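In the block that follows, a single chain appears as structure tokens, in the form predicted alone.
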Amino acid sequence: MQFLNDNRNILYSFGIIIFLIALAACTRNDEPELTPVHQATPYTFEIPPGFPTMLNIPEDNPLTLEGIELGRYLFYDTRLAGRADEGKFMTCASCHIQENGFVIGMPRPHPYGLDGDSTHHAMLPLINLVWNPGTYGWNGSVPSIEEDVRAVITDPTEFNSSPEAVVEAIQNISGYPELFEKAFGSREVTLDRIARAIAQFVRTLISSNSKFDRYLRGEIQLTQSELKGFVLFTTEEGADCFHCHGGAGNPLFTTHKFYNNGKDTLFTDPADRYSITGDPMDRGAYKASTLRNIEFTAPYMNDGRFNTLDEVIEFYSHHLLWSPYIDPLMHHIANGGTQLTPSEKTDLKAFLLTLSDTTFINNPKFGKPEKFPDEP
């Protein structure tokens, strides 16, 4: 019995030695190390006071400092269309102009693409889109900013180009591969990465420092006319704007919903909300755009039919048109409008102008870079 126990002890000790040798072999310095996962620098998103806390940032495209920087370059680089060899240059900022609240502005209601074709609708401003729930465009047909960037490339009324041409153009500009590596972990330029970078930049375009914002923060006072206009804006007996555009409780000044607001009686537009939902009650319905920076974003309505705020206020006061598809929230349709008096129209306009944010339209972080990656 003692002999068997001794043998077991010897075998046990031998097994321990083999295990230690194997363990040492696994930890030798000449073994290959795992490649670390690329990590860009996370962007700290500061939500302005009173704004919604839920942000629409896709899990597969988190905001990073490197991604935003790359997106800003691409947003402003006119070679993005991939048609420089034809002597044709266009980029996002060709139509989305910062001083106009990132729309094309007056006098052209409809932008023209690289080959001269006009777009069908006036554009929507790129303001506070990080809170858009995923219904971009006047009829909500675009599910994400990334998808919108991809669509621009082949749209005949915009770049009228191809993904291959765009990728090749950016890939061959010195400096860009390094920026893609910093943002996404490799020097490879892809359409998906281009779209993701631009979308990151656009999601940082936050407007939250208008006169009305400062009033809500207790920093300044509004004039009597502006306060009267605010009351008109937020009451059904007044201008009745708040149902579709929100108010003090909705700092976005849009519900991101779609309404037939009484502009027409015949509906032949193939790109209204009905074209997306198939619901007959969506005929002639379009998104209620944000009223932030409304002073700078003329012309107004989905077709750009009004050039001034005075025209818009006059329309809602006296020229609403009834149809079977009118939205139920248009409470004054039976009277043709809210019937505001001249002084009330003045007060309402005064309030709307308090939504202008000059720090937004002049913020250098949102503007054109001083130089591009291939410039010394």
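Treat the numbers as computed from the prediction; the structure is a model and nothing was measured. Counting begins at 1, following the sequence as shown.
Although not depicted, the form predicted in complex with a small molecule is the subject of the following passage.
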Next item on the list: Spot the stretch among 160-168, 129-137, 274-282, 215-223 with residues whose non-hydrogen atoms come within 4.5 Å of the small molecule in the model of the complex.
Entry: 129-137
Note to self: To verify the annotation, which of these, M301, L227, A84, L252, has a non-hydrogen atom within 4.5 Å of the small molecule in the model of the complex?
What the structure shows: M301
Item checked: L321, A350, A40, L309 - the one with a heavy atom within 4.5 Å of the small molecule in the model of the complex -> L309
Checklist line | Interface membership of V231, the small molecule in the model of the complex, 4.5 Å heavy atom rule | finding: no
Margin query: Please determine whether D115 contacts the small molecule in the model of the complex, using a 4.5 Å cut-off between heavy atoms.
Written below: no
Notebook entry, point to check: Just to confirm, P125 within 4.5 Å of the small molecule in the model of the complex by heavy atoms?
Noted result: yes
Check: Is P177 a contact residue for the small molecule in the model of the complex, using a 4.5 Å heavy atom cut-off?
Finding: no
